[in-house]
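Next up: just one chain, as structure tokens, the form predicted alone.
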Amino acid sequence: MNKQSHVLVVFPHPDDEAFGVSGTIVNYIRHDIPVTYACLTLGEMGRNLGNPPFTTRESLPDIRKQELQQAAIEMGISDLRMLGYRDKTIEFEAPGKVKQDILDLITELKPSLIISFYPGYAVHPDHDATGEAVVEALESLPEKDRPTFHAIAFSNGHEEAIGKPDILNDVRPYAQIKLDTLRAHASQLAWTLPSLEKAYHEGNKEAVERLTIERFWTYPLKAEHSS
């Protein structure tokens, strides 16, 4: 992985980081590169309440907040920001609001790299809206001041549209931490883990790749005067 001065991770929901980015986050932290994780919502509209259920619709925000904090501990993140947006409403926020929050974080932290979703190829409306806000924020900056944007894509047919990822991070040394991060989000993911963990330890190719390779696209930001 390229040397970075500071990495800013921006996702809308607790657990968005777990599958696609947690190994990369741990790698940066283990190499003394500061990582800030800005999570826009507490995922309070999540469909899952545990299996068997151990929370309610009313208590889910507190549970997911605790799960996010535990996931941050598993990854070693010391700078976790919870921005207080409401789940499933990011696309309906006032124009420029999320963009400005991201610009404020860029001004404060001066990251060399931002990680978020690839807008249009991230399946969930909140994912796409978050990626769009990151792009809007970055494209409003002079090119010399822009951090690199590594985006995650996973919608059906995304590689036909945007090509293959140009960055494949081998996070094999951190596979167990990645599993522990996933486990921290128990209300949403706990029942999927036993089969994934079993398949991983049995050497199933798909499970091994899912836990040891993280894929990113360097987002093609518009030139400074082309928008």
Partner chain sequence: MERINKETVQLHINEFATQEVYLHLETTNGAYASHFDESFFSASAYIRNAKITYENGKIAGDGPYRVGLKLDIGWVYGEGLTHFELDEEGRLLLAGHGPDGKLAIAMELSKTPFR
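Everything numeric in this text was worked out from a predicted model, so none of it was measured. Residue numbers count along the first chain shown, from 1.
What follows is about the form predicted in complex with the partner chain, which we do not show.
Spell out, yes or no, whether the shortest heavy atom distance between residue 127 and the partner chain in the predicted bound form is within 4.5 Å.
Result yes; residue 127 sits at the interface with the partner chain in the predicted bound form.
Give a yes/no on whether residue 53 approaches the partner chain to within 4.5 Å in the predicted bound form, heavy atoms considered.
Because a heavy atom of residue 53 falls inside 4.5 Å of the partner chain in the predicted bound form, the answer is yes.
Is there a heavy atom of residue 88 lying 4.5 Å or less from a heavy atom of the partner chain in the predicted bound form?
Looking in the predicted bound form, residue contacts with the partner chain include residue 88, since a heavy atom lies within 4.5 Å.
Can residue 57 be called a contact residue for the partner chain in the predicted bound form at 4.5 Å between heavy atoms?
Residue 57: contacts the partner chain in the predicted bound form.
Please name which of the stretches 95 to 103, 73 to 81, 150 to 158, 137 to 145 has residues with heavy atoms lying within 4.5 Å of the partner chain in the predicted bound form.
Result for this chain: 150 to 158.
Name the residue from 162, 45, 29, 199 that puts a heavy atom within 4.5 Å of the partner chain in the predicted bound form.
None of the others qualify; the residue that does is 45.
Check each of 167, 190, 49, 33 and return the one that places a heavy atom within 4.5 angstroms of the partner chain in the predicted bound form.
Filtering the options by heavy-atom distance leaves 49.
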